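The chain below stands alone and is given in structure tokens; this is the form predicted on its own.
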Amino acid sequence: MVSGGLGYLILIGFAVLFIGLSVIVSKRFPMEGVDDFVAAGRNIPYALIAASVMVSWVWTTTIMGAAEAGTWYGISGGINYSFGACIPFFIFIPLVVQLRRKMPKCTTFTEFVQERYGKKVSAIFFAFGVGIVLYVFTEQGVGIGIAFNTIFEIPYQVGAFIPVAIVTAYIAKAGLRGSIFNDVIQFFIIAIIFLVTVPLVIKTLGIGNIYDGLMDVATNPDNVNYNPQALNMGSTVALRYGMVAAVVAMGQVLFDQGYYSKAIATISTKSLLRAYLIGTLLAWAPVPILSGNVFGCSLISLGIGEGAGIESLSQTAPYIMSLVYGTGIGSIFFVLMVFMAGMTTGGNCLAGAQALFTVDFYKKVVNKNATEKQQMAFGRKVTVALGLIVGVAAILLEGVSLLKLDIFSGILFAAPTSAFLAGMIWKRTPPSVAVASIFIGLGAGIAAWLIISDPDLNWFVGNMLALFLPAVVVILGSIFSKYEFDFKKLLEYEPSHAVKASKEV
């Protein structure tokens, strides 16, 4: 183990750096109103957004969860993690482009839902939006806590809570713009460490040794990690996992306001397209593939598994780094990489929640006569409160599998997807059908999870039902409905705060 004192020094050093940067940003770019606070003035260039999107989608699970998938499924684990988690962005990108065109002064996805379906349905989506933030941010705290505990032997509770507090402080201070500027710094740290680390692990363990170990995993029934499909690129079990990964990621992308905030903050639609394509496909997609095949496959090739040299498969990536580098700098680099990944994702979530409460809650529910200054003050207070909730939740989830958390979340957050997509593209879908589809999908998914006794099947069926059953309800309900929504109304939408129209170049 590396000295615990060094771990505390890292926490303190980056707290000073990122909180200090947020203070500088808030002074350099004074916020004139709500739009500056939650949408960064809608004039951010694509390069900054691309870097921010990439690191926001690099979760602790992108590194640690994909490594765990590598231990479960062998060489196809990380690949299926990657393609599954990329699919939602092929839906999100055209969706948010349409949102900018159909509703130019929209800031949050719940504003659209309210105009399309009404206040009651909007409240349901608001709850899902906040739920996504709490879940995703909490998961980042868990991942960081595991990494600091494994490498530095810092108490898990400290390693999980302090990073959450750091993110909370700089988002509360500088809003979305502060999140984006911090993301850019963290992008370079993550990219450099990852590009250096992966080749070093392969060189140290030896590609031939890793292959021989995987061959034993695939052919030796006495191997603790025995899996006949470990070397099969087209493993059907792993493909099934990839499909679930797509379902899981669908809700995490479509209902995370942070991604909408960054898309709205981009200076033009053309820049938005560049930013999201570069940030996801070119920059992000290789990360889980390498994490699964380098960290996960390396672990099982050594004959190490859960209960056989390691307590939890969530510790796969930090274990390999500790094994390869011992008390050296490599272990420190790995912790920094996980630390940055968790903080950027948490910052994206928290900035999104800040927008939801600032734009959609305070003035509409609490104080209808609020000034923009009062809205921003409330947004900061809620940011701090949510950060505290997440910090406590991360502490309570010690020892829980990150991958299992991810899989179960798919059932919860996939159910509203069909209603949301139909609302964007189909005028025939009425509010009643939208609500019915959500609760039917949610109920069916949870029921399958609880009723099906096969643990290798219940999660798959539950996720598939949660995503596709609502689609059936929406299609049938809309076909037989006489309801029609006039999308032209969205062009005339005026929010309760001043909005700067984005330039289209």
Partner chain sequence: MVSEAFVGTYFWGVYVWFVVGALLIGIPAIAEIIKVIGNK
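Here, rigid core means the biggest group of C-alpha atoms that superpose within 1.5 Å across both forms. Numbering follows the first chain given and starts at 1. Being a predicted model, the structure only gives us computed values, none of them experimental.
FYI, the form predicted together with the partner chain isn't displayed, but the following is about it.
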Which one, 468 to 476, 39 to 47, 60 to 68, 447 to 455, holds residues whose non-hydrogen atoms are within 4.5 Å of the partner chain in the predicted complex? 39 to 47
Ok, 233, 425, 308, 396: which has a heavy atom sitting within 4.5 Å of the partner chain in the predicted complex? 233
Given that the partner chain is left out here, which of 273, 389, 124, 202 has a heavy atom within 4.5 Å of it in the predicted complex? 202
Does every residue of 181, 215 and 287 put a non-hydrogen atom within 4.5 angstroms of the partner chain in the predicted complex? yes
Check residue 244 for me: does it contact the partner chain in the predicted complex (non-hydrogen atoms, 4.5 angstroms)? no
Just to confirm, residue 282 within 4.5 Å of the partner chain in the predicted complex by heavy atoms? yes
Would you check, heavy atoms only and a 4.5 Å threshold, whether residue 79 touches the partner chain in the predicted complex? yes
Hey, in the predicted complex, does residue 293 get a heavy atom within 4.5 angstroms of the partner chain? yes
Can you name the residues of 19 to 42 that have a heavy atom within 4.5 Å of the partner chain in the predicted complex? 28, 29
Against the rigid core, is the Cα displacement of residue 74 between this form and the one not shown at least 2 Å? yes
Could you check whether the CA atom of residue 201 moves 2 Å or more between this form and the one not shown, using the rigid core for the fit? yes
Do you see a C-alpha shift of 2 Å or more at residue 361 between this form and the one not shown, with the core held fixed? no
